[in-house]
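Single chain ahead, by itself, as C-alpha cells, in the form predicted on its own.
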C-alpha cells in the first residue's frame, strides 16, 4: 500500500479524477468495489450516494463502479491513493503493511462470533483503527467498516473435528497466517487464486475450501463440496476508504456529512448482509447441502499457536478485544 513513486506522474495527470466536474459546479465522486451489482456492500454505497446527492441538492453525486470494472483491489487502492477513485471498499490485507494492528482481525477465533466482531468495530477499538489508517502514509481516509461475514469450512466429506481434516487439501487465501491456520486445524492449507477454485474442487486438486455462505452459494461451490461445517474460524471485517486527495478538496461541512453518511452505510450494509446470508443458507439447504454444527473448542485450542505467533506484538489489543461484551 506504500505510495509508489511510479504513480506520482499519474497523480499529476489525473488530478482528482475521482471527483469529476459536472455541469452547474456539481462534483461526481467515483466509488468502486470488486463485488458485483446487487452485493450488500455495493448497494449500501449506492444508497450513500443517493443520500449525499439529496443532502447537497445535487452538488455532490456518486457514481458506482462495481464488479472490479476498475481493476482488482491492488489496482484500485493505487487509483484511490492518487485520487482517481474517490471511495473504495477494500479488504484489510493491503492495509496491514501500513497499520499492522489491523492484522489482529485476520487471526483465527479472535472474535467469539459475528455479534462480538460488530461490537468491536462499532466501538472504541474500531474508531481507533480507522483513525490510525487515516493518520498513516496510506493516503486514504478510513470512513467505516463493513461486515465480511463468518468463514467456515466446506468439503466433500463431513468435518466435525480437527482429526477429520487430516490429509484434506483446503484452499486458503494466500496469506501465511491463513495457511498456518488451516495447518493448525488439522488440514493441509493450499494457497490458490479464487478464480481457480471451482475447477480445483471439480478435479480434486483441493478437497475443499472455506468462506461465508453467500460466496459458497453464489460461486456454486456447493455443487462439488456439499458439507458445510460451521467452524466460524475467521470473521474478518472490511473497510471503506476515501482518497485523501479528494477528501481534502471537501469543505469541513461536506467532510462531516460524509462521516455521518458513512456510519449509516456501515449499519445499512450489515442489515443487507444478514438478509443475503439468510437467503444463501436457504438456497444451500434446498440444494441439499448438509450444515454441520461443530464443537469449536478443539479448533480454537488447535490454533492457539497461530494467535501466539501472529499476535505476540499486539497482546494488549487482543485482550481489549476479548474484553468487549
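Positions refer to the first chain, counted from 1. The term rigid core refers to the maximal set of C-alpha atoms that superpose within 1.5 Å between the two forms. The structure presented is a predicted model; accordingly, all values stated were derived computationally and were not measured.
Quick note: we don't show the form predicted together with a small molecule, though the next part is all about it.
- With the small molecule left out of view, the stretch that reaches within 4.5 Å of it through heavy atoms in the predicted complex is, among 259-267, 27-35, 278-286, 54-62, 27-35.
- Between the small molecule and the residues 122, 254, 73, 101, the one pair within 4.5 Å by heavy atoms in the predicted complex involves 73.
- A single residue from the set 211, 106, 79, 231 has any heavy atom within 4.5 angstroms of the small molecule in the predicted complex; that residue is 211.
- When the small molecule is considered in the predicted complex, residue 238 lines it closely, a heavy atom lying within 4.5 Å.
- In the predicted complex, the small molecule sits beyond 4.5 Å of every heavy atom of residue 168.
- Although the partner is absent from this view, residue 215 contacts the small molecule in the predicted complex, with a non-hydrogen atom inside 4.5 angstroms.
- Within this chain, residue 152 is remote from the site of the small molecule in the predicted complex, having no heavy atom within 4.5 Å.
- Superposition of the core reveals a Cα shift of 2 Å or more for residue 36 between this form and the one not shown.
- Comparing the forms between this form and the one not shown on their rigid core, the Cα displacement of residue 88 reaches 2 Å or more.
- Positional change of residue 240 between this form and the one not shown reaches 2 Å or more at the C-alpha, relative to the superposed core.
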